[in-house]
Structure formats: C-alpha cells, structure tokens
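Two forms, one protein chain; structure tokens for each follow separately as structure 1 and structure 2.
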Structure 1
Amino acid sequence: MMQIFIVDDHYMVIEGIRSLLHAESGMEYIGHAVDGASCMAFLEENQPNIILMDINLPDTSGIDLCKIVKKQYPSICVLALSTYSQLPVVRNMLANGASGYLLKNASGEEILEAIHIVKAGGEYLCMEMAEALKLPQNTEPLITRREKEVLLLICDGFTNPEIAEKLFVSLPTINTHRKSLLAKLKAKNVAALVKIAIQNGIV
C-alpha cells in the first residue's frame, strides 16, 4: 500500500486529494499537516512513501521544508503541488530534492499519474513546467551582485540610509538599486519585494 501525506494549509485541497486517494486502490491517505513544524513532528513517528507539498506555508516555504525532509528522510518522495509557476521556484524545489512539480489546476488523473511515477523512482513535471524549463534560459543573473546585497539587507529590515552606510555608498545609489529591484521583481512596494524574493528563493 502506497502511503501519501499532504502538507497544505488549505482544507479544500486536502479534502479533494483525500477523496481522490480514497477512491484509488493501492493508495492510502495517512494524514496531513498545515505547516512545516507539524509536518516534521508527524515524520518523527511516521514515514509515508510520498508527500504532496505546497510551497506557501504559514511558517516556512515548501522549498526549505523539502530540503529538510530529504536530508532527514531521503527515502520519502516529495511531490510539489502549488499555485506558483515561476521557474526559479520550480528549479529550487527540484534542486532541494523534490521528485516532481504539479500545479494545483492539475486533474485528479494527472495527480495519480505523478504519484505512480515518482514512487517508481521517476520524476514528474506538469506539461506547463516541463515546456518552460526546456526553453533557453538567460545566463545572466536576474539581479546584480550589488542588488542582491541590497536586497538581503532590505529583507533584514534595514532602512535605505542604514544600507548606504553598511555598503559605503551614497543614499541616491541605494535608492537607485531599490527602484531597480522593485522593477525587476515586479513588486509594488518593499513588503511585496521581500515576499517575492523569498518565494522565488532569491534570498
């Protein structure tokens, strides 16, 4: 019996997948967690064959959680199930050990197919992500080294004057870097900038 565990904070998603698995012979839903902490607590006592894992969790990102799970329980297959279709998110999830990536608009048939494939030792990418990852990628970094330094300090809560002082540059220079970061990451404000940077694994 293939045991499946779900990590997602949306009960409609959990119930939908639970019903799907209940109707499928050879698969058993053994529980769910709504955040990273409860997931790790569950795994101390139980090791499912496969975890269906969301990216956006209340206390951590699925990207970080996947890395922790694979380090401590390498035999568990992690299959991402998310609304995020940004390529950096997909790449980081796969780099941290996920065996596949599904979008939440996937059909029940596709979810079951993905589960079977990863359980057999394969990898599964939904068609949209598989096609996107085959596209030639720009080898230039999305942001410059200096912009990343500024971004890290912004995420740590430093103000522009404080960042200018730490990096030994002028305040107008930092203002320029911040405007560039907002534009490149398509963020409306600093709060959105920080959220996007974390979700995309940039920081």
Structure 2
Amino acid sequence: MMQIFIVDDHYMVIEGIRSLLHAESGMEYIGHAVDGASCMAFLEENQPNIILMDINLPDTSGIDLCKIVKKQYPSICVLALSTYSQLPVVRNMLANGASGYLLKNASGEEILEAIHIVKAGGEYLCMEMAEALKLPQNTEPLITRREKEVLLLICDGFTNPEIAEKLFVSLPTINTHRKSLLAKLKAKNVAALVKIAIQNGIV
C-alpha cells in the first residue's frame, strides 16, 4: 500500500486528488497540509511514501520545503505540483530532490502514472517540462540569495541608501548588488529590472 500525503493550499485541488486516489487501489491518501509548517508537523508523526507538493504555499515555497523534507526524510519521494511552468522553478525543485514535476492541468491518468513511476524510484516530468529542459541550457542567469533580497527591496521602492541601512551594509555594497542584478537580468535600469523580476516570478 502506497501512502500519499498532499501539501497544497487549495481545497479543491486536495479534494480532487483525494477523490482520484480513492478510486485507485493500492494508493492511500493519509492526509494533507495547507502550508510548510503543518506539513513538517505531520511528518514528525507519519512518513508517507510520496508527497504531492504544491510550489506556491502561504508560508514558504515548495522549493524550500522540498529541500528540508528530503534532508530529514530522504526516503520520501516528492512530486511537485504547480500551475507555473517556469524552467528555473523546475530545475530548483529537481535540484532539491524532487522526483517529478506535474502541471496542475494534468489528467487523472497522468497523475497516477507519475505516482507509480516515482514510487518505483523513477523520475516523472510532464511533457512540457521535459521538452523545455532539453532546450539550450540557459543555466547561468542565477541570482544569489543576497541579490534576491536586494531585488525584493528595490521592487518595494526602497532606494539604495535605505536598503543599505536595512541590511546593515554599506551603500557601495548595495550598489554592487544592484549592478549585478541589472547585468544578470539584462535590465537597462530599475524600471526594466522590476518588470523582469515580476514577470519572471522572482517577486
């Protein structure tokens, strides 16, 4: 019997998967969580074979949650579930130990198939993502943690001096980060930077 746990903050999605699993023999729905914290709490008591994990959670991202889960419970397989089809997100999930990636418009059959493959130790990627991952590896445009922090503050309208004060570093430092951001995201100025950041889901 395969035990399955769901982490998603959408009631309807949970209910949909639950109903799907219910009709399937050999798969047991053992609960769900609506955020990262309650997920970790649940895992202290129960370890499912598979977690179906949404990327967008209220308190954290599925990407981070996946990393933590895999670190503490390496035997649990994480199958990512998301509406977003952004490559960097997929890459991050896989890098953090996810065994597969499903888009939320997946059919029932696809979900079941994915669960089976993942359970057997395999990796399942939905068509779109599998195709996309094959394409030219634009691996570089990674922004660092600190840069992301700065980016968020820039998007919120803080000026360099303000950000420097907030992060307890000097102005030249923030300036350097800002310039790296402009270069990495190929933005000409803050306006373009913010637009790119928002449209790429960084913010």
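Everything numeric in this text was worked out from a predicted model, so none of it was measured. Just so we're on the same page, rigid core means the largest C-alpha set that superposes within 1.5 Å between forms. Please note that residue numbering is based on structure 1, beginning with 1 at the start of its sequence.
The chain appears twice here, and it is structure 1 that represents the form predicted alone.
Once the cores line up, the CA of residue 151 ends up 2 angstroms or more apart between structures 1 and 2. In the core-superposed comparison between structures 1 and 2, residue 170 has its Cα shifted by at least 2 Å. The Cα shift for residue 18 between structures 1 and 2, taken after rigid core superposition, is smaller than 2 angstroms. Core-aligned Cα shift between structures 1 and 2 at residue 187: this is 11.1 Å.
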